[in-house]
Ligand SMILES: Cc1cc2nc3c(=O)[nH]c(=O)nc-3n(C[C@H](O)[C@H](O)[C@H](O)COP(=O)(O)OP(=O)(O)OC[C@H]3O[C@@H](n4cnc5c(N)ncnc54)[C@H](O)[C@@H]3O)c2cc1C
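As C-alpha cells, one chain now follows by itself in the form predicted alone.
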Amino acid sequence: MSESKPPSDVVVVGAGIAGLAAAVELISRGMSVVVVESRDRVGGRLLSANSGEASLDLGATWFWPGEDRVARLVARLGVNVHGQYLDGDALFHTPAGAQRIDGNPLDGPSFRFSDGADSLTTGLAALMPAGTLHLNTQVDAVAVGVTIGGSVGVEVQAGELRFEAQHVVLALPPALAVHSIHFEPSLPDRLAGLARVTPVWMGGTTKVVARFQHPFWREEGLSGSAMSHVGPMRELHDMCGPDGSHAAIFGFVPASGGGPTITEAEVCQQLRELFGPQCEPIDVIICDWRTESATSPPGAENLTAYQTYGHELFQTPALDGRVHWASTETSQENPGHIEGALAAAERAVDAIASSVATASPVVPPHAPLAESPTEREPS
C-alpha cells in the first residue's frame, strides 16, 4: 500500500547540481520542496572519490572563466578552487610511441575544485531544511492532472511512496527520464522522441584517475596532458591538488560499441608508454558512466545527436506547464557543463515562480461567495 507524503509546492527529481540548486532557490522564494534521488548520495555526475587525502573527481572536473553562476555558487558556499596546471609540454601518442610537443595546446585557463566537485552539491544539500531530501528513492511515475486539496496538481510515485505537488522538476538527463519514468498523460510524441535521442553528457564515457606519490612529470617539464590515437585513454590531464599536492593524472575513455570497461592493467600499460617505466600509480580509480543506471539508460553510448542540447522543446514546461526540464543537456547556455546545469535549474525556477505568481487562487469548497462582481474570482 502506498504511503502518501504531505503535499508540497514542487517535487524535484534528482539531487545532482541542477536539482539541488533549483530546490534551494525555490525554498528561498518561500515554496515547499521535496527532492527525491535514486542514489544513496547527492551529487549525480559531481562525484569525488577519496584516495588517501585526495578528493578525485570522477565526473565533472572544471569550470571556466565567464561561467558566472558557478563562480557565484563557489563564493556563496566558500568552496576552495585552484587553477588547472598549464605549464610544461604535452605528449602525442601514436602507434609509433609517445612524442613530446612544445607547449601545452590541450589545456586552457580553467578552475578545479580543491576538495572535489561534489563539495558544491554537499554544500547545497546542507542549505535545505531537514526532511527535504529523500535518498534511495526511485521515481517510477509522474501523473499530471490529479486533484490535490481541491486543486489540480501532480502526483509522483516512487515505489511505495507518493508525493503530491503543483510542479515537478526533472533534474536528470532527458533520455533517462523517458526511459525510467511513466508519464500520465504521455509526453507529447515530439518531445518524448527528442528526449529519447538526446545524449547523456558523460553517459558514454569512462573516466580514469591514476594517483602517484609525487608529480614526477612536472619535474620533467611535462604538463601531464596528452592526446592519444592509441588508447584506451584518448585524452589525459594533470589532476594534482594545489601546488602539486595529491599527485594525479586523469583520462577519458570513449565508449566502444558496448565493450567491456577498461582494466587497471590497460591503464598502467598506456601510462608507461606515455610517461616511461617510472610511471607506476599507487592507485587507479575507474568510473564507467555507462554502468551508472541513475545517470545513463541502456545504450547511452549510442546517443550522439548533440545538436539536441538546449532544444527549444526543453525550454517550455510540459503537460499543462507542470513538468520542467532542468538538466545540463537541456540548457541553451554551456550545455554539458556545471554552468549549463545551473542555467537549466534557473530557467525551471523562474517558470515555476512565474506560474505561481499568475495562478488564480483556488476557492475552498465552502468559501463564502464574493460580495460584488468586482471581488469575484475569474471564471
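Quantities reported herein were computed from a predicted structural model and do not represent experimental measurements. In case it trips you up, residue 1 is the first one in the sequence shown, and so on.
Although it is not shown, the form predicted together with the named molecule is what the next lines describe.
Contact check for Ser38: a heavy atom falls within 4.5 Å of the named molecule in the predicted complex.
The named molecule in the predicted complex is not approached by Ala226, whose heavy atoms all lie more than 4.5 angstroms from it. Proximity of Leu319 to the named molecule in the predicted complex: non-hydrogen atoms within 4.5 Å are absent; the residue sits far from the partner. Interface membership of Leu46, defined by any non-hydrogen atom within 4.5 Å of the named molecule in the predicted complex, is confirmed. Only one of 211 to 219, 161 to 169, 92 to 100, 195 to 203 places residue heavy atoms within 4.5 angstroms of the named molecule in the predicted complex, namely 195 to 203. Contact annotation for the candidate site: Val13, Thr61 and Gly336 all lie close to the named molecule in the predicted complex (heavy atom within 4.5 Å). Taking a 4.5 Å heavy atom cutoff to the named molecule in the predicted complex, the contact residue among Ile148, Leu77, Val284, Ala294 is Ala294.
Proximity to the named molecule in the predicted complex, taken as a non-hydrogen atom within 4.5 angstroms, holds for one residue of Phe183, Trp289, Tyr85, Tyr309, which is Trp289.
Shown without its partner, the chain has Thr137, Gln138, Val139 in segment 119 to 152 as residues with a non-hydrogen atom within 4.5 angstroms of the named molecule in the predicted complex.
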